[in-house]
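Have a look below at one chain only, the form predicted alone, in structure tokens format.
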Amino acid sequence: MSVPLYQAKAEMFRTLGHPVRIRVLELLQDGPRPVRDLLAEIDVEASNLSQQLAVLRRVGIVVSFREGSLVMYALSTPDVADLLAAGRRILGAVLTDRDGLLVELRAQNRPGART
């Protein structure tokens, strides 16, 4: 029995809900990278990075391959980079809206301000 689309989407977003995984995906946007380069950029133990890469690989967001003696990782599709870009835009809009609301709230809390 297959899972409903909304459930599959929820699982994908749960997978993305880890800071190390997001950082890995950000680094892979510029192209395939060997594990050693990812380790140099991300402040985690090798075993932790390996676990996070395995999760991303298991759900198909990244792929791995050998290049000589190096294990390389890459985004499975350019759509992953598009998703990260959309996330940045959404976050920017949400934070901008919150800043505007905070300014408005502070202005309303001043003595003599109308609500």
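This structure is a prediction, so every number in the text was calculated from the model and none was measured. All residue numbers refer to positions in the sequence shown, first residue = 1.
The same protein has a further form, the form predicted in complex with the DNA, not shown here; the description that follows concerns it.
- The DNA is not shown here, and in the predicted complex it never comes within 4.5 Å of any heavy atom of S76.
- Looking at L83, you'd find every heavy atom of it more than 4.5 angstroms from the DNA in the predicted complex.
- Using a 4.5 angstroms limit between non-hydrogen atoms, P34 touches the DNA in the predicted complex.
- Though the partner is left out of this view, E26 does not reach within 4.5 Å of the DNA in the predicted complex, counting heavy atoms only.
- Looking at 65-81, the residues that come within 4.5 Å of the DNA in the predicted complex, counting any heavy atom, are R66, G68, S69, L70, V71, Y73.
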